[in-house]
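Okay, here we've got a single chain as structure tokens, the form predicted on its own, with questions on binding and movement later.
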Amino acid sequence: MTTETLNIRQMCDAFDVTPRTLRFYEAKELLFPIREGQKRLFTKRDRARLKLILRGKRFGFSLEEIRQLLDLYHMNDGQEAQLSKTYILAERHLADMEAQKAELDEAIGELKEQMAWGAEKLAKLSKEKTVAA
């Protein structure tokens, strides 16, 4: 994947996405494939943008946040504005993810306690049945 264009199937295979996903991002003006009739051809720029879109989604960024970050690429400031804004958003998303992780860890701990109590109770009931029989 250097400078050649990729068709929609090749993009789907390369990034493990569906054609619908690519069309959605195109409709949201996040990707700008070359159109030849009904055919879409994705450039190196589209591949780079899709990689950033997918990474941003994985990290919990909204499509609007991703759009704003992608639009900052062309500010002619050596990407300072883009990197600065990305860092600020990343800090916020990291804090959110860490809070969610803490909540999940707490819920897992509580569930394990309940399961241990249930297992103990079941063992006790089973033992009582055996003694009674």
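Numbering starts at 1 and runs along the sequence shown. Here the structure is a predicted model, which is why all the values come from computation and not from measurement.
Omitted from view is the form predicted in complex with the DNA, to which the following refers.
> Have a look at 67-75, 99-107, 81-89, 34-42 and name the one stretch with heavy atoms inside 4.5 Å of the DNA in the model of the complex.
In the other structure, the partner sits against 34-42.
> Decide whether Phe15 counts as a contact residue for the DNA in the model of the complex under a heavy atom distance cut-off of 4.5 Å.
Outside the cut-off, so no.
> Though only this chain appears here, would Arg55 touch the DNA in the model of the complex if you measure heavy atom gaps against 4.5 Å?
Flag for Arg55 set to no.
> Determine whether any heavy atom of Arg20 comes within 4.5 Å of a heavy atom of the DNA in the model of the complex, and answer yes or no.
The answer is yes: Arg20 has a heavy atom within 4.5 Å of the DNA.
> Please check if Leu63 has a heavy atom lying within 4.5 Å of any heavy atom of the DNA in the model of the complex.
Leu63: yes, in contact with the DNA in the model of the complex.
> Let me know which residues along 7-32 have a heavy atom within 4.5 Å of the DNA in the model of the complex, or say none if there are none.
Heavy-atom contacts within 4.5 Å come from Asn7, Ile8, Arg9, Thr18, Arg20, Thr21, Arg23, Phe24, Tyr25.
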